[in-house]
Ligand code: GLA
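Just one chain follows, in the form predicted on its own, and it is written as structure tokens.
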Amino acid sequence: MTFSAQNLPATLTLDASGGVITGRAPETPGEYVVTLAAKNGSGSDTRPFVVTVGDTLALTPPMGWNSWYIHYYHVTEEHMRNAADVMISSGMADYGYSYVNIDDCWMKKRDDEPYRDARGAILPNAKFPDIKGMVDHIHGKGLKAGLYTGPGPWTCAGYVASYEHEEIDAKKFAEWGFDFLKHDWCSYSAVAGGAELEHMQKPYRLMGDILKGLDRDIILNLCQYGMGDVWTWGGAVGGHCWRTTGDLGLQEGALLPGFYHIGLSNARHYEYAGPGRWNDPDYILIGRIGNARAHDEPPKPTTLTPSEQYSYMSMWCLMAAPLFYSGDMRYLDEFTLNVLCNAEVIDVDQDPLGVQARPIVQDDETLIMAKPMADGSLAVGLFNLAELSRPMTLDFSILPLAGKRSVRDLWRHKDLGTYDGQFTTEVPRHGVALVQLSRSD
């Protein structure tokens, strides 16, 4: 396959054989409409893209993979390079997954001195002998690289964090070429000086200001588990996305799996999300995953049913959540890729309008969420929380909508017809009907 582009800014270069765009953003802010073309022996196609240059990063929710729920403290440079390779070979990158992120445990562990180099910058541990080369490998695939630290003295797993070394560490991260930083609260409580809002905001405002001053764009993810209603102020301190709850991997379910509880909590904060500021309900845990309570146990297949996995992905996309898979990239099966890589479902998450879905109906058995889209349509999820399959009806008047609407099943890429006033469909136990309603002229 070969690629070409019309109206690509002069500061950017397209690799005709690989389709990777590299370079720096144009100096002049604004929107640059680019037409990309691809062709091979089977045919050709074109598609317009908009390159937006400005101060706001993460205009759509970031997408990628994170190492935590599969590798924990066993993570190595080889794992990261392999994940980047698989993101390309599996086709995940073709659907928008682009960040390859190390979580905790890449730096020196407590008592494994020296922790820092002669200049005071943080040192990686022996499992990361060439961290700059690793980042170059990831970038060479057309992907982005992310890593993890914290504002306290130590990370959650007991490795060195960035307390009192924030600026020199941030400069080192930029020197290595990282594009994403997860900043995890962890031990900061011991040095915060108090529990008031100003103390919660201080370390993130500090890192946010430092990152803004670097000659590199780095997405800042605030990981502090929703303390102090972070969704109301995360963007003001320099964050681009923020965890709204505790760790999903530690969330136990009763009648419903844990992701429902995390998702329903995150769904309440819909009014605070938008381009450059996203509510983060944690990662997508399907496929083969590790045990968040016993990190030495071998990875096991998810216990979620297929219907529950469709519901999981649908809920995250309706909520315009960052989409980070955290299962085992070495053993991606066809069904897991089917859940992760559905273009029309991902389009809901990545819609440029950037509105998070609002819960319209919510009770013990029913959840209906609706998300306005940039093209004027409405993405709607009908979630069956009950223990049996049943018909579910969407009454257009509760949206509110009037008149006829064309209904499309996004998981099946199938037009279901035109409906006047309401739409009814059978939804399996713990399943979802994810549909798009468009005006019928």
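Each residue number is its position in the shown sequence, starting from 1. In this text, all values refer to a predicted model and were calculated from it rather than measured experimentally.
What follows is about the form predicted in complex with alpha-D-galactopyranose, which we do not show.
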Of 182, 144, 240, 71, which residue is found within 4.5 angstroms of alpha-D-galactopyranose in the predicted bound form when only non-hydrogen atoms are counted?
182
One residue of 157, 339, 256, 168 in contact with alpha-D-galactopyranose, assessed in the predicted bound form (non-hydrogen atom, 4.5 angstroms):
157
Residue stretch of 306-314, 97-105, 193-201, 265-273 approaching alpha-D-galactopyranose in the predicted bound form, non-hydrogen atom distance within 4.5 Å:
97-105
Is there a heavy atom of residue 331 lying 4.5 Å or less from a heavy atom of alpha-D-galactopyranose in the predicted bound form?
no
Within a 4.5 Å heavy atom cut-off, is residue 148 in contact with alpha-D-galactopyranose in the predicted bound form?
yes
Proximity of residue 223 to alpha-D-galactopyranose in the predicted bound form, heavy atoms at 4.5 Å
yes
Heavy atoms within 4.5 Å of alpha-D-galactopyranose in the predicted bound form: does residue 77 have any?
no
Within 4.5 Å of alpha-D-galactopyranose in the predicted bound form, counting any non-hydrogen atom, which residues from 247-270 show up?
247
